[in-house]
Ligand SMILES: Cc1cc2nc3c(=O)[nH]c(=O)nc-3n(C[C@H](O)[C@H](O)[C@H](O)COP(=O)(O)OP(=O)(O)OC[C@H]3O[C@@H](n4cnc5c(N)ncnc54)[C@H](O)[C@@H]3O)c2cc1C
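Consider the single chain below, provided in structure tokens and representing the form predicted on its own.
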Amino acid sequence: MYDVVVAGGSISGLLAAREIAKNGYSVLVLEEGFEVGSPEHCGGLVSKNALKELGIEPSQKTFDSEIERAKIFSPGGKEITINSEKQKIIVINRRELDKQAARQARDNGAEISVKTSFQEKIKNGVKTSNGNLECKFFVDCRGVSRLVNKDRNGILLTAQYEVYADWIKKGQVEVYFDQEKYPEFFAWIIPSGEGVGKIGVSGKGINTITKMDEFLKSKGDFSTIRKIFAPIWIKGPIKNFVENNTIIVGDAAGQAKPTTAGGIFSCGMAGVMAGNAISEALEKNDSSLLMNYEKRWKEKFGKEFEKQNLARKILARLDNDTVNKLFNSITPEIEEDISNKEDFDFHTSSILRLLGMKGSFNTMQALIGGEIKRLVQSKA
């Protein structure tokens, strides 16, 4: 008998378990894989401030490198450069970050069971691959797989390879927009160090293997040491985070950014908030207090995610000619203005500057009219 069973040893599930155990309640984390942190789907970009808020000081194993700048490329090859030093962005080894969170959970009294999968909810508990367990609350952190059958329009397939290549520059993230090659998304390069990093592609309806091969060949010589294929969710949070005594957290609740599908901070904070709300509900024997989790998460991230979702929809409607025009309208002053923002975790204001400042504003107004007005007004 456990107070709480958590399905999924991700950052959200592990931080939820840490908070529950810290408050003196029994909690078991089920991880269906052979180890916590594998397979590693994440690009690993996160701000130092986000990790601090999550209560994690990255260890030497967890920390890969700092990011100094981002280069963003248009379909026509024009680039803009954003200095990211003020945003204090780092690249972490996601596998090691999850292990660090697992150690925190364990040190506070949580139990972790690998190679054990959740199968279904049953009366007074859950059915697992290793038998039935009784629990008062069930935390569902099973990731995007929980959403695949609910709304396939919100799912994009991705390919992300770990690559050795001289053209990967330490400290420099690269993003490539091309609505024909990567419709509704982009390709990316995230360096782990000099000459090594994660190369990814995603887009609606594309063959990710073919597009990845094309992208890599266009860059030059390389050696691939790891390949990961995984779905991402880009439609924002689901409607309800709490269903009776089931609490849905992290990617399973659609809590990754609609613009980039990054979720270390937003999903991790969901775990912290869920863990605290569950502890409150257990302390006072009042399951209605579980709703505090949903309330707190939406207060912190709700408006930002709404704006990101709208910005993504706007970008998805643009063709390559329009994207090229927007890039041509971006001035050095706009680049500098974005570089001075400290908003990696809440970045819609930077997207607004790219879409709505100076020359690009008239273009966007003509293209999308009311939608851009909604985005601008929601910022206020």
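No experiment lies behind these values; they were computed from the predicted model shown. Quick note: we count residues from 1 along the sequence shown, nothing fancier.
From this point on, the text means the form predicted together with the named molecule, which you will not see here.
**Q** Any chance Ile234 has a heavy atom within 4.5 Å of the named molecule in the model of the complex?
**A** Result no; Ile234 lies far from the named molecule in the model of the complex.
**Q** Given that the partner is absent here, does Ile67 sit within 4.5 Å of the named molecule in the model of the complex, heavy atoms only?
**A** The answer is no: Ile67 has no heavy atom within 4.5 Å of the named molecule.
**Q** Please determine whether Leu54 contacts the named molecule in the model of the complex, using a 4.5 Å cut-off between heavy atoms.
**A** Looking in the model of the complex, residue contacts with the named molecule do not include Leu54, since no heavy atom lies within 4.5 Å.
**Q** Taking 4.5 angstroms as the cut-off for heavy atoms, does Phe241 touch the named molecule in the model of the complex?
**A** Phe241: no, not in contact with the named molecule in the model of the complex.
**Q** Among 74 to 82, 272 to 280, 212 to 220, 242 to 250, which stretch has residues with heavy atoms no more than 4.5 Å from the named molecule in the model of the complex?
**A** Checking each option against the 4.5 Å cut-off leaves 242 to 250.
**Q** Of Thr158, Asn108, Asn309, Asn93, which residue is found within 4.5 angstroms of the named molecule in the model of the complex when only non-hydrogen atoms are counted?
**A** Only one option qualifies, and that one is Thr158.
**Q** At 4.5 Å, heavy atom to heavy atom, what parts of 25 to 64 sit next to the named molecule in the model of the complex? List them in sequence order, or say none.
**A** The stretch 25 to 64, when checked against the named molecule in the model of the complex, contributes Leu30, Glu31, Glu32, Gly33, His41, Cys42, Gly43, Gly44, Leu45 at the 4.5 Å heavy-atom cut-off.
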